[in-house]
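In structure tokens, the next block holds one chain alone, the form predicted on its own.
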Amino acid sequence: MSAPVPAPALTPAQLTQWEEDGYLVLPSFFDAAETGEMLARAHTLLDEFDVTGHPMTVFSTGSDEAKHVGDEYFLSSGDKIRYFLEPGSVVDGALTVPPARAVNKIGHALGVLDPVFAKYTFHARVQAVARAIGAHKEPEVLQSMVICKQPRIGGEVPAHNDSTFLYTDPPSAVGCWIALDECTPANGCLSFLPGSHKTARVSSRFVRAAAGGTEFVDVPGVEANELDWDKAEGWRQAPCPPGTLVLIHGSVMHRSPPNPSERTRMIYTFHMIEGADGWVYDERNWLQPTKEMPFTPLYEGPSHA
């Protein structure tokens, strides 16, 4: 008797929605035990955060480009697990809340270096979904992190697309965003502008500045977008329960509001880019692989995991 044929990772309707909207919400992708393991590990990492010697590097994605972090602690985090603080948690170089409540995110090699997050980053179901959407020939994983969206101080993330920050030529970024808490409008769930991946041009990129730090520069030959995306009509909220996987096209516009509530909005996310010949991820990008830790092929996983 032949082996049963496995169910497809995505239905035709889901693939159509992905192609039309530029994002796809997959509830119950991870079960309660799997999600609980990731959430417990995130809280353990937060409890282990030692502020002693920390440069008090905050992370902001505010609309003021000058707010974007660009110190050495940030720029050398591509092969490490590091802690970045909420702007609202630091006043005059000191924390205003307990250390575990001050963290904006933990990254950027979390999905490779931490065994729990590596298990789910390179999970067979994730690999199957990546094959189903067909966005990459040889997907590589980069920028893996827990984002905390802390109660009362979790900041706004304005409209953006991910290929601006993880630029390849041609653009190829896809995000995998996993809800570890209930994500609601009250605590900062995602919103998307459906179909914007078809019209939004990746006309600027976030790079290492020659004089140090980071900056945005124009992509040569790409006309700048004229639309104020935050004011565009048609935004759609994407509240979701724990265990949901949200796939995010690198060009789709998305955002999230601040979290004024008393509840965390903890999520885990990582990105994929094309690693095949013909796509260039260059030395100008803020996040850089190292000789010791190049970007990890999704279908192989980290050698030590």
Ligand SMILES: O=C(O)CCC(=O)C(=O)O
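Sequential numbering from 1, following the sequence displayed. All values derive from a computational prediction rather than experimental measurement.
Omitted from view is the form predicted together with the ligand, to which the following refers.
Trainee: Of 40-48, 272-280, 235-243, 259-267, which is the one stretch near the ligand in the model of the complex, taking non-hydrogen atoms within 4.5 angstroms as near?
Mentor: Single hit among the candidates: 259-267.
Trainee: Since the partner isn't included here, can you check whether the ligand sits close to all of I147, H160 and H254 in the model of the complex (heavy atom within 4.5 Å for each)?
Mentor: Yes.
Trainee: Looking at L193, L142, A173, L190 here, can you tell me which has any non-hydrogen atom within 4.5 angstroms of the ligand in the model of the complex?
Mentor: It is L190.
Trainee: Identify, from the list W177, Y83, F117, F74, the residue with a heavy atom within 4.5 Å of the ligand in the model of the complex.
Mentor: Of the listed residues, the single hit is W177.
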